[in-house]
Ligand code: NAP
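A single chain, nothing else alongside it, follows as C-alpha cells in the form predicted alone.
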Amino acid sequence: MAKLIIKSGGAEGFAEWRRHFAACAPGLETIFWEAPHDPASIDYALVWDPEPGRLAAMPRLRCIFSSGAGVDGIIRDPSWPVHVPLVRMTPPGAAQRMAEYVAWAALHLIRGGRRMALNQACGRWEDFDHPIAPETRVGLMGLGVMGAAAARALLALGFPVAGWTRRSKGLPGVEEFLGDQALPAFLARTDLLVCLLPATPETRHILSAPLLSALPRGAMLVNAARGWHQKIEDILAALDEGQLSGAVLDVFEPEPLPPDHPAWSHPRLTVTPHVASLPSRAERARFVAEQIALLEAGGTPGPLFDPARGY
C-alpha cells in the first residue's frame, strides 16, 4: 500500500484530508506529518511549508504535491529534493474560482464596492457615477491557466483585456504585450491591473512605486497571486496619493495579515484572506488521488514545477 504523508491544516485539517482520501483513494495510506513514522516508508507527500530537511530525509519519495497553487513554501527549503517531481495544485475548479474572483474584484472596483460598504457601515445614502466594463481597460500580468480563465471571464463581461506575458498564448480577444520591453506600453493602456504572476526572483516586489507610477492616474489594482509581488507600503501610498483609486488584495506578507496593519482600514482597499482560488479539500484530495493513480500506472503527473523557470 502506497503511503502519503500530509502537512496542511494541522491535526484538524489532517482528519478532513483523511476522510476525503478514504473516499476517493481507499487503497492509499495517509499519515499525519507530526505522527511517528519511518521516513524511508513514504512514497508521496502533500505539503505546504515543510520544515527544512524533512522531505530530503524520505529516500523513497516519488512525488511531492503542494497543497496550494504556489510552491514557495516548499522550494524555500535549501535541501528540498529537486530530483523528485513537484506538482502544483491545479484541480479543475481552481481556474474557475480564480476567474470568478477576478471578475468579482473588477466589478467591485468599478462599481465602488468598498465605498458602498463604508457608507452602509455608517448609514450614509450616497449615489455616485462609475464607469462600465467596456470603458475600463484591464491588463492581466500572467496568462497561464489562471490568467487565461480570468481573461475569458472578463471578456464575457465586456472588459477590453490585454495580457503581459513572456510568450504568446494566442487567447482570442486578448491583446498581448510580450516581454520586458513591452511593459511600459502595457501599463500605459491599463486602467485596472490584475497580477496573476508566478513567484520568481524576477517578479519579487514588482507591484511597487515604479510600476504603479507608470499606470494612468486613478488606475485600479487586483493582486490574487502572492504577497511576494507587492510592496504594500507603496500600494498604500499610491492609494493615499490618488495614483490608485482602489485596490483588492488577496495576498500579503506575512499571512495572516496582522490585526493592526493599516491595510485593514484603508478606505480605498478591500482585503480578502487568500481565498481567490483555493479549492475545497475534497477537490484537492481527488486531484492528488488521480495524480498518484497516474504515477502508479507509470504515467507522468502534472503540472510540474520547473526549477529552471521558477514556476
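When you see a residue number, it is the position in the sequence shown, counting from 1. Since the model is a prediction, treat every value here as computed from it, not as a measurement.
Just so it is clear, the following notes concern the form predicted in complex with this ligand, a form of the same protein that is not shown.
Trainee: Determine which one of 117-125, 77-85, 195-203, 152-160 lies within 4.5 Å of this ligand in the predicted bound form, judging by heavy atom distances; exactly one does.
Mentor: Correct option: 195-203.
Trainee: Which residue, Met220, Ile235, Ala225, Ala105, is the contact with this ligand in the predicted bound form, using a 4.5 Å heavy atom cutoff?
Mentor: Checking each option against this ligand in the predicted bound form, the one that comes within 4.5 Å is Ala225.
Trainee: Work out which of Leu28, Leu55, Val251, Ile42 lies within 4.5 Å of this ligand in the predicted bound form, going by heavy atoms.
Mentor: The residue in contact is Val251.
Trainee: Any chance Gly70, Thr165 and His229 all have a heavy atom within 4.5 Å of this ligand in the predicted bound form?
Mentor: Yes.
Trainee: Please check if Lys169 has a heavy atom lying within 4.5 Å of any heavy atom of this ligand in the predicted bound form.
Mentor: Yes - in the predicted bound form, heavy atoms of Lys169 and this ligand come within 4.5 Å of each other.
Trainee: Is there a non-hydrogen atom of Leu207 within 4.5 angstroms of a non-hydrogen atom of this ligand in the predicted bound form?
Mentor: The answer is no: Leu207 has no heavy atom within 4.5 Å of this ligand.
Trainee: Is there a non-hydrogen atom of Ala247 within 4.5 angstroms of a non-hydrogen atom of this ligand in the predicted bound form?
Mentor: Judged by the heavy-atom cut-off of 4.5 Å, Ala247 is well away from this ligand in the predicted bound form.
Trainee: When the contact criterion is heavy atoms within 4.5 Å, does Ala285 count as touching this ligand in the predicted bound form?
Mentor: Taking the distances in the predicted bound form, the answer for Ala285 is no, it never comes within 4.5 Å of this ligand.
Trainee: What residues of 107-146, in sequence order, lie within 4.5 Å of this ligand in the predicted bound form by heavy atom?
Mentor: Heavy-atom contacts within 4.5 Å come from Gly142, Leu143, Gly144, Val145, Met146.
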